[in-house]
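Next come structure tokens for two forms of one protein chain, structure 1 first, structure 2 second.
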Structure 1
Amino acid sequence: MRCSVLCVGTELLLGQIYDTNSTYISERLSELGISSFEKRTVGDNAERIASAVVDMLHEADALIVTGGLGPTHDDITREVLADLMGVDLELDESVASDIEAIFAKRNREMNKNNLRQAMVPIGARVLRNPLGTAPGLQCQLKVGGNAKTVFLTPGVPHEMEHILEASVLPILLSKKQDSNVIITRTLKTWGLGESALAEKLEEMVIQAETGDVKLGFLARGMNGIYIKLSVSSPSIEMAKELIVPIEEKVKEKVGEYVYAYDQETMESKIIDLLKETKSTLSVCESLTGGMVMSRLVEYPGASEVIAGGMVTYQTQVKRKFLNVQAQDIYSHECAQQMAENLRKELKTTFALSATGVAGPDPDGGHVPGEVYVGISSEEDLFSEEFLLGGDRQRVREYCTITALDVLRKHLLRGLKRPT
């Protein structure tokens, strides 16, 4: 089973926006053992779209197209597919009412353009899109005498992802010949670079080149480096038997840097740990400017354990509002006072703080990237210093994940501590 990916959009071709959709699709296909053969990007041009679709289907069994399903004049993917299928477009009443419902829910008036999105090639199957006004479509095409499948998905990432997961991938899996399952395990690490990880895991990397279990590294910016294990096997049980011992070996070598697995994130991990220990958290941020807090409250139910926080950005705010006495605002002393004073103010179990120099320029004799993370609780008050690389935004992001990682390790120690 070969499935290729076609991105449609002049803005992609002109480099006006980054293509994250094809990366997401490719990653999911490979996780499911469906080989992705080729990716292409073409502009909003009927002839170019049509020739790419036909050309790619000479080699692939299926094609996932993303983009060109919008309401405006330059969104023509629907029309191109109808032409290739040799059919007309007709208004799909159920899609039309979906679209009307979305506008009603948003208290916005629907204009006639939007009904273009309810036009469906006769014979195509509608893949519902609860997140937006452009439904996905499954179309059958004959290419070189063979029946091929084309999936049309919107270019809006979260809409495309929903339709891919809910409709496209299940349909592809049902068509897949070899019944092997692919099991993947992702170990998310923070604190070591890719080459340092590779060196510590060299033995396993070499094994993986010939063995059943594949091992790869994915650099994920402020989410660190992911170690990805994957194995293809006739059954889930057999796959697990193969993957578990390798995972154990990896943990032996670099377990201390692993902060989460698979769907877990640093934030979900911390919220789980806080709930587990019936603790509450407040956060006092300087250079991160609210990024730590903002990431923690991404999670539904965060309000159970995340009380609130302060962004003491200007020095006088640290002093007047939070009574920070430390002379040097880039210091262990300042980080600890920020955490201690906020925890007492908000009466939370823990308080986390971050102060430092985001850059681009040094400040008061401190270099950009010099940051201090503080933690306060009834029992403990401490801080750690880090020197982070990169530009201003990168320093702020790395400081955010570093602060969360310091808290995570502290919460884990607390669980282990005899009471």
Structure 2
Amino acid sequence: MRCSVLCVGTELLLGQIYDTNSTYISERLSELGISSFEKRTVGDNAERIASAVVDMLHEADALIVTGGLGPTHDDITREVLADLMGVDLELDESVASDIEAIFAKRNREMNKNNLRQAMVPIGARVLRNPLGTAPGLQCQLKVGGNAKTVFLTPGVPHEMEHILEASVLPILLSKKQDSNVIITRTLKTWGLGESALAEKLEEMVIQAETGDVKLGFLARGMNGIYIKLSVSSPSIEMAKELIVPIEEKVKEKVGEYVYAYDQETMESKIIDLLKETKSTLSVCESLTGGMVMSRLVEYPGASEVIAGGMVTYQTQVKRKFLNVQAQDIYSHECAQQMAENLRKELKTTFALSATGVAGPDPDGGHVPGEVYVGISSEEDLFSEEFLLGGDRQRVREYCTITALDVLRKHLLRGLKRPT
């Protein structure tokens, strides 16, 4: 089974929005053992869309097309597919009812243009979309005398992901001739760059090129580097027998940098550790401007352990509201005073602080990327210094996950202390 991905949208070509859809689709296809043959992007032009669909289907068995299913005049993907199929579009009453229900639920008046989204090529299968007004579609085409399948999904990422997971991938798996099961394992790391990880795992990377278990790296920016392990096998039991020993070897070499696995995140691990130790946390931020707290509260249940926080961006705010006495606000002393005084004020078990220079210019003799992370509890008060690379935004993002990682490691050390 070979599947290609086509993204439709002039805004993608112009760089007005980022293409995250093709990355998500390709990653999911790979995890399921479906070959992602090719990815392309075309603008909102009927001739170019049609040409790309036919050309890509000469090499692929199936094609996933994202975008161009909206209600406006430049949303023409469904019309292009109808022409390629040699059929007309017809109003699907059930889809029209779904759209009307969505507008009614949002207490909004439906524009007549939205009924364009209920127009379906005759013979196409509707793939329900409870998250939006544009349904997905499954269309059958003949290219070069061979039957091919085209899936249309909305360009809105969370709508595309729902239709992909609920409809498209199950259909593709049912057509997949290889009956092997695919097991994947993701080890999420922070603290080492991709080249450093590759060096530590060099022998395993070489073995993976010809072995049963494949090993690769995926750079995830402010989420670090993911180590991806995957194996295809006739049964789940056999797949586990192959992948578990490799995972253990990876952890032997870089386990101290692994902060989460698979669907876990840095913040989910921290929230779980706080719950496990029946602890509470407060957060004081300077250069990160609330990014640390924002990440923590994204995880459901955070309110059980996250008491609150402060963004003390200016020096006078640090001094007035946190009683920071340190002369240098970019220092271990400042980070520790921020954490200690906030913890006492909010009466939490732990407090986390972050201060430093985001850039782009040096400040008071301190260079961009110089940051300090502080931790306070009744038993401990300490801080760590880091020199982070990248532009202003990356320094802030990297400081955010670095601070969280310092906290994670401290919480783990607490669990290992003798009682």
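If you superpose the two forms and keep the largest set of C-alpha atoms that fall within 1.5 Å, you have the rigid core. Numbering runs along the sequence of structure 1, starting at 1. Predicted model only: the values in this text are computed from it and were never measured.
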property: Chain form predicted alone: structure number out of two; result: 2
property: Exceeds or equals 2 Å, Cα of T72 between the two structures, core fit; result: no
property: R106 C-alpha shift between the two structures of 2 Å or more, rigid core reference; result: yes
property: Distance moved by the Y18 C-alpha between the two structures (core-aligned, Å); result: 2.4
